[in-house]
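The chain below stands alone, shown as structure tokens; this is the form predicted on its own.
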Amino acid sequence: MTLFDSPSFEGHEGVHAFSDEKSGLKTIIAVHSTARGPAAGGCRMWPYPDAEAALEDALRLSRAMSFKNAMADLDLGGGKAVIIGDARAQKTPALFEAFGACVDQLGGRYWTAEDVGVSPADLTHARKRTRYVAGLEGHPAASGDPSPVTAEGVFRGVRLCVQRALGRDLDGVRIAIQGVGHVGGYLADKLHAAGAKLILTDVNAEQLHAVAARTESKVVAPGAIFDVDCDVFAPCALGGAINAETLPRIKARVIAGGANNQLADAETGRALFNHGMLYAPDYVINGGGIINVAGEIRALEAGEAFDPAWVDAKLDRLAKTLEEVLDRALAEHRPTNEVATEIAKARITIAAEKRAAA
């Protein structure tokens, strides 16, 4: 299958591959849409088995960012960068400086930020070669690490879905969290404070046990998380966690977490619906981080200081958008992922039509 035949390429404006022999950089930057504004999305560093796998991930993540930014009502389109490499062993300042130079070649069509395997500290090196970096610290417009804001949005979404599906608050609710890194760890803290009973897993044993200790949580092996007896399953690791193999094993009534592309495909969303589970579409519930990044981009472009109140207002609106998706899915007796995708596409289409008519 060629690039243009891939279902994941649908709607993309551009896909850019860059390499830098001196630093060892190999990166793909996918720009799905700039209809609502410049494309924005994080940079992920991962040891992909081959370039084809990296490309597929970049395309799927880029498209999801378009939907996420539209659902968060941001003046941003969707894009994503992936760096092929092991973040634990191959990170260097030179690699991220080279990455920054690649971002700069796109001339502002894409803004980058942190994602899996990449930290704000890494991106300070990219910032030396381009201005199109957000999610940093140390300047008036800086928003800092977006992970806590992502976790806050996910927390609000989990609470809403528990109210809808179980008719109760979070106290005593059993929640299984897959992945307790940046977002999952903060989410665990918030859920623990609300009285939830947590079961955690992560491939990073040190991180896992640290979060478990402070949240009084049970720990299970990564492969066992799908089999635990729980009310809520919260995917907060890599995409594709909910698929034809794992779905029959999940006992939860609610699936709501911080990971991107949680469903292996749209058909999995339909199967989840048929199983009577309530799913919070990932690109709605996990939009807090990009809202935080958007606040920094907004401040940078205006030459102003970062405004936390603007971010809080957008978070409140995001929670109402999730409510709207759940209400419409219930009224129309349809899977929530289908409803959310329909709304996101409509918002992007309207923006594109306005731009064409201007």
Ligand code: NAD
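Just count from 1 along the sequence shown to find any residue number. Since we're looking at a predicted model, the values are computed, not measured. Think of the rigid core as the biggest set of C-alphas that the two forms share within 1.5 Å after superposition.
Missing here is the form predicted together with the ligand; even so, the following discussion is about that form.
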**Prompt:** Of the listed stretches (81-89, 230-238, 267-275, 164-172), which one has a non-hydrogen atom within 4.5 Å of the ligand in the predicted complex?
**Reply:** 230-238
**Prompt:** Is the ligand close enough to Lys68, Thr201 and Gly289 in the predicted complex that each of the three has a heavy atom within 4.5 Å of it?
**Reply:** yes
**Prompt:** Ala259 near the ligand in the predicted complex, any heavy atom under 4.5 Å?
**Reply:** yes
**Message:** Using a 4.5 angstroms cut-off on non-hydrogen atoms, would Ser147 count as touching the ligand in the predicted complex?
**Reply:** yes
**Asked** Even though the ligand is not shown here, does Ser143 get within 4.5 Å of it in the predicted complex, heavy atoms only?
**Response** no
**Message:** My question is simply whether Pro120 lines the interface with the ligand in the predicted complex - judged by any non-hydrogen atom within 4.5 Å.
**Reply:** no
**Request:** Sort through Leu191, Ala134, Ile255, Val180 and report the residue having a heavy atom within 4.5 Å of the ligand in the predicted complex.
**Result:** Val180
**Position in contact with the ligand when the complex is considered in the predicted complex, options Gln105, Gln207, Thr124, Asn243, heavy atoms within 4.5 Å** = Gln207
**Request:** State yes or no: after fitting on the rigid core, is the Cα displacement of Ile291 between this form and the one not shown at least 2 Å?
**Result:** no
**Request:** Could you tell me whether the Cα atom of Leu61 shifts by at least 2 Å between this form and the one not shown after core superposition?
**Result:** yes
**Request:** Please say whether, between this form and the one not shown, the C-alpha of Arg44 moves by 2 Å or more once the core is aligned.
**Result:** yes
